[in-house]
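This document opens with one chain alone, in structure tokens, the form predicted alone.
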Amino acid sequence: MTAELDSIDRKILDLLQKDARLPNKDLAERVGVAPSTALERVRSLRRRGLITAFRAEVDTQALGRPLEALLALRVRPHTSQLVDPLRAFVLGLPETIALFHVAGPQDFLVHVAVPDADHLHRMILERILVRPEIVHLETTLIFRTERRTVQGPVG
């Protein structure tokens, strides 16, 4: 189901995606509504599930994890009895940034950030490939990540 968004909702989403710390007074001014209206609109967007969280982006390089990679995992058999514990395991790894359950020749893409290639190599050999349900793994190094920071409806 697609949410109905008017121009005010769209502008609020745009502004908060660019700066989630924007004070309500400033948000209201930029959208052209009263602060009480802006606050109620944000609450409504949260209630309807359009805004799911307010979070800070952290620079993994500044945390000493400059090397990023995507790990493509193939799992067999692909059953919930194996997939659910694997998901919990991968999300529990401190190197994991994101986990994607995908369709295609691979079952999962795991985005990781590590200190160096040796750490990545040890993590793959000593913690991931020791799991019997993982029958294939491909590693792709990430040179640069660029994100489109503002999301909105298509069309």
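The structure displayed is predicted, hence computed values, not measured ones. The numbering used is simple: start at 1 and walk along the sequence shown.
Not on display, but discussed next: the form predicted together with the DNA.
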| item | value |
| --- | --- |
| Stretch from 82-90, 99-107, 59-67, 36-44 whose residues place a heavy atom within 4.5 Å of the DNA in the predicted complex | 36-44 |
| Non-hydrogen atom contact residue 132 with the DNA in the predicted complex at 4.5 angstroms | no |
| Close approach of residue 49 to the DNA in the predicted complex, 4.5 Å, heavy atom | no |
| Partner contact for residue 32 in the predicted complex: the DNA, 4.5 angstroms, heavy atom | yes |
| Touches the DNA in the predicted complex: residue 139 (any heavy atom, 4.5 Å) | no |
| Residues from 7-25 in contact with the DNA (non-hydrogen atom within 4.5 Å) in the predicted complex | 8, 23, 24, 25 |
